[in-house]
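As a starting point, one isolated chain is supplied in structure tokens, in the form predicted alone.
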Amino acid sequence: MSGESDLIYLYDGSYEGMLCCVYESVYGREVPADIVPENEAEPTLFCTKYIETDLEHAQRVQRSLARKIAPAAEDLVRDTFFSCADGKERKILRFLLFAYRAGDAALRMRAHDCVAPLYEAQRALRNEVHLLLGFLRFSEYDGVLVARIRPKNFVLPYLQPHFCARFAGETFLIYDKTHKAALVWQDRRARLVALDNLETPPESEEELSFRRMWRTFSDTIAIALRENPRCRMTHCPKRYWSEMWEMPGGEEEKLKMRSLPEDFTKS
């Protein structure tokens, strides 16, 4: 394959679209200088090439991950794509061009500069998923459970199996403020939808009562003599607190500032 070209691939931002960029690079025998979602592209002196999303091409690349590298490569590539790693598309392409030659041995070369960035991105995403399984808080609005999150990574597909199984008989929505998307579970069917903003009706007295009881429970079981704020922030980073009613700055302050613009309450 020839060396890196002065060319930037543009695509639609989907996982399948990114796989099509890999297909174009491999079969076109060219290595683009970068791969960028079209809606995030900035003016550049480099030539650009838009790669159409072709599901057949995407599936061929997807099947090749397990066949030519190892089954674990599928998870590694997918996790990296949904992570918040800078230049993740370019990192995925570099990894695959290397791994297609090295085979399954590539996954054991964790310190290699083509491999290490993907493991780092995967670890960051999975750590955030693990934290949100415990930190996510639902509120009830007219029989619908609603939760808001502000993750760094796109975690909704990873939260889906847990919460859809746990609340199979409920209707719920998890709104990702960062990525303007929502996971909707209704009539035992899950959907991921784009959602620029989420407006909910005022909280009912019953809902506010449950929030106060939850905070009281949290305060009651705490051991004052063993309170360690620095340790708490290590295990429960402060950026999650704004959506957790039992944490400082949660319920009371939010209720007082309910009428203010959302951006005003961001810390």
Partner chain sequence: MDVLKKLEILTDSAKYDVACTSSGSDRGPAAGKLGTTAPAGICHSFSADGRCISLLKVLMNNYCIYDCKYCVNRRSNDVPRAAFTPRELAELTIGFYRRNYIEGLFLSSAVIRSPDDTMELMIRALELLRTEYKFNGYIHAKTIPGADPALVEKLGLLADRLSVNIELPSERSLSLLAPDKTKQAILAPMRLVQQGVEQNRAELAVYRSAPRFAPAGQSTQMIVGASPETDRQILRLTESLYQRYSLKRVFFSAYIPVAENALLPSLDTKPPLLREHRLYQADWLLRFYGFSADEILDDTAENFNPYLDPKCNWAVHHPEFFPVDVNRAPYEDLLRVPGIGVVSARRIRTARRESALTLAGLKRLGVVLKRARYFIVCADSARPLPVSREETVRALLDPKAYSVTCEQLSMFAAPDIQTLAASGMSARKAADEGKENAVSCLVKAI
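Keep in mind that what you see is a predicted model, and the values were worked out from it rather than measured. Positions refer to the first chain, counted from 1.
The discussion below concerns the form predicted in complex with the partner chain, not included here.
In the predicted bound form, every residue of the candidate spot (Ala116, His162 and Phe210) has a heavy atom lying within 4.5 Å of the partner chain. Contact with the partner chain in the predicted bound form, judged as any non-hydrogen atom within 4.5 angstroms, is confined among 233-241, 28-36, 65-73, 44-52 to 233-241. Put simply, Glu16 is far from the partner chain in the predicted bound form: not one heavy atom of it is within 4.5 Å. The closest heavy atom approach of Ala222 to the partner chain in the predicted bound form falls within 4.5 Å. In the predicted bound form, at least one heavy atom of Arg123 sits within 4.5 Å of the partner chain. In the predicted bound form, the partner chain lies within 4.5 Å of some heavy atom of Ala105. Leu136 is the sole member of Ala85, Leu136, Ala182, Leu93 with a non-hydrogen atom lying within 4.5 angstroms of the partner chain in the predicted bound form. Along 95-113, residues Ala105, Arg108, Met109, Arg110, Ala111, His112, Asp113 each place a heavy atom within 4.5 Å of the partner chain in the predicted bound form.
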